[in-house]
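To begin, one chain is listed below as structure tokens, in the form predicted alone.
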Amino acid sequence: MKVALIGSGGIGAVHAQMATNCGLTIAACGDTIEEKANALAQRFGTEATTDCEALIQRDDIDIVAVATPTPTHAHYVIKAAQAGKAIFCEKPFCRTLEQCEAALEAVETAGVKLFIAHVVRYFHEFEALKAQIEAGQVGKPGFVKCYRGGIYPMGENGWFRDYAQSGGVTLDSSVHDFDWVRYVFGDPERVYCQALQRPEPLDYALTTFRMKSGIIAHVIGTWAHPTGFRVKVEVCGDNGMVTFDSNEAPLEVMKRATEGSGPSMIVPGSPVAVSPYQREWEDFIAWLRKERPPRVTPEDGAWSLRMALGALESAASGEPVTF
């Protein structure tokens, strides 16, 4: 199968490599910035173009991979759907709910397959967390805390600095954890968010969800670190807790102490032989080949967007938002 890559920046390069690893062919690298398209095309021995819409329409294209800035996702998804192509789209799905609804309608009308790249579901550590929770290792979960962040991303032409485009750390980064929390614990009921967004490189948000199950989830997103990147997760239940910190390995499950018991046990981590980014491509391809349904559905992508936009609305109003 041949892939039209729309967006030849950093994440586009990642997806080009992952698709190639899976045996797909990058038919062309598209970008409105000619230098970026040329550089990535040279790397993968293919052609470059700045006419992304014409690339989507080509008869030899099977898959359109959308790796452009967030506000343009809906446009290219709709064009790809109208051209009858399978679609792999970076997260977040869209910038607005109106864009999301239009994209979903186009995909449904065309009867094509759309995959939203919520890659955290494919990270081994997060799979292990989910497995421990489902195995009852923490008992009945009641509280979840996620932390994700690092330095402020400069982005292509600095578009991350424009919160109207990027949605800041809440929409671009915390959306990973919003998706994972819903994936593991079900739909949210309401959200409350406090956020600090400044024109200079500084963005921090604390989002609290009450899930319909009664679980409370805190999600901290930050683009305020002086350097580096860190991810932390803590899930507490009535029988114990499970934690993960990217600065510490491996995953640690701490059982609530009883007389004569040890304080904790370690779930050994395994070396990552295959990138989570490749694993999501493998899942997408298996879906295209009708081998199994995907781990992420278009509706999942829409829900994570809804959660992020609800958080931003709450931060702006100072009031909780009900879904």
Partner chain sequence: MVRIGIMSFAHMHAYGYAASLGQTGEATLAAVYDDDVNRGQEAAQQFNAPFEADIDAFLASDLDAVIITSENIKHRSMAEKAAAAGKWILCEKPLATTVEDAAAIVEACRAADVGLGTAFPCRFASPLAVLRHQVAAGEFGAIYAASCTNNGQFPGGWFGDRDLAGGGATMDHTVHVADLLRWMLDREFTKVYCENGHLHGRDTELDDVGCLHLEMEGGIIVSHIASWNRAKSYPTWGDVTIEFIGEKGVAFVDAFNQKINVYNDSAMRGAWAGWGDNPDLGLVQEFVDSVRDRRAPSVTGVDGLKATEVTVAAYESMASGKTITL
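Numbering follows the first chain given and starts at 1. Here the structure is a predicted model, which means the values were calculated and not measured.
Just so it is clear, the following notes concern the form predicted in complex with its partner chain, a form of the same protein that is not shown.
Check each of H124, K130, K145, K113 and return the one that places a heavy atom within 4.5 angstroms of its partner chain in the predicted complex. Exactly one residue meets the criterion: K145.
Of T208, T96, Q82, S246, the one that lies within 4.5 Å of its partner chain in the predicted complex (heavy atoms): Looking at T208, T96, Q82, S246 one by one, just T208 meets the 4.5 Å heavy-atom criterion.
My question is simply whether P226 lines the interface with its partner chain in the predicted complex - judged by any non-hydrogen atom within 4.5 Å. Although its partner chain is absent here, P226 would touch it in the predicted complex, with heavy atoms inside 4.5 Å.
Verify the contact flag for Y183: yes if a non-hydrogen atom of it lies within 4.5 Å of a non-hydrogen atom of its partner chain in the predicted complex, no if not. Output for Y183 is no: heavy atoms all beyond 4.5 Å of its partner chain.
Heavy atom of W159 within 4.5 Å of its partner chain in the predicted complex: Taking the distances in the predicted complex, the answer for W159 is no, it never comes within 4.5 Å of its partner chain.
Would K212 count as touching its partner chain in the predicted complex under a 4.5 Å heavy atom rule? Result no; K212 lies far from its partner chain in the predicted complex.
Which of 72-80, 104-112, 85-93, 189-197 lines the interface with its partner chain in the predicted complex (heavy atom within 4.5 Å): Of the options given, it is 189-197.
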